[in-house]
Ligand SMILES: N[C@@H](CCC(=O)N[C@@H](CS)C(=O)NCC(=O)O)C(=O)O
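Shown here is one chain on its own, the form predicted on its own, set out as structure tokens.
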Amino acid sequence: MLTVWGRATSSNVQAVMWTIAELGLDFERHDRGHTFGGLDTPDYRAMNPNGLVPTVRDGDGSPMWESAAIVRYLACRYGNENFWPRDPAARVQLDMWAEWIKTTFAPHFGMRIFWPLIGRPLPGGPDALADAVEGLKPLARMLNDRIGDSPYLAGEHLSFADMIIGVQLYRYYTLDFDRAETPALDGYYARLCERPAYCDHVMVSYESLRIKP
């Protein structure tokens, strides 16, 4: 049994929960973070000294934190060859894009577009937001070109890298801003939306995160 601490509205928690659901693993989840609080207690900080979500424990194992690391652990331990390629040369071709999402696409989109659009002012105002939107377009085109004609990042089969990449797309496609033309990425997102686990754990309303004026 996996125990997960973290709110359903966290994109990092969503990546972990989507992975758990795709792998068909048993779990229990406890809401923590944002309006739920609970991150500053001694017990929680003993598990996760950062005081962030998610934190995961697999049975009686040691607590784990950092969502991408947890996704990789679950994929390696419980996934098949398609989900977690055993050949490092094959796996790195997926993993470098998972890292790119975490280090390049997600920070740009999240901090400079998502949060400003739901109420956290961006230094520089509308001009800074417009620049951020334009700056995201070449990144979206890069991902579009990588997806190409394949259903998923690894080709015909869903993999651990899709968990880290795809979790960003619900917010990307449901916010109102000028996106690049990316037909391959559009198709990829549409396929993810047909997956029950994605619908249940990633397509979660972010209205509770909206900052009231």
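Don't overthink the numbering: it's just position in the shown sequence, from 1. Every value quoted in this text rests on a predicted model; they were computed, and no experiment measured them.
Unshown form predicted together with this ligand; subsequent notes refer to it.
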Item to check | Three-residue site N82, R91 and A154 fully in contact with this ligand in the predicted bound form at 4.5 Å by heavy atom | outcome: no
Item to check | Option touching this ligand, based on a heavy atom within 4.5 Å in the predicted bound form, out of A180, M47, L52, L175 | outcome: L52
Item to check | One residue of D31, D186, E66, D58 in contact with this ligand, assessed in the predicted bound form (non-hydrogen atom, 4.5 angstroms) | outcome: E66
Next on the checklist: Residue-level contact is defined here as any heavy atom of the residue lying within 4.5 Å of this ligand in the predicted bound form; does K102 satisfy this criterion?
Outcome noted: yes
Next on the checklist: With the partner left out here, which residues of 4-39 have a non-hydrogen atom within 4.5 Å of this ligand in the predicted bound form?
Outcome noted: R7, S10, S11, N12, G33, H34, L39
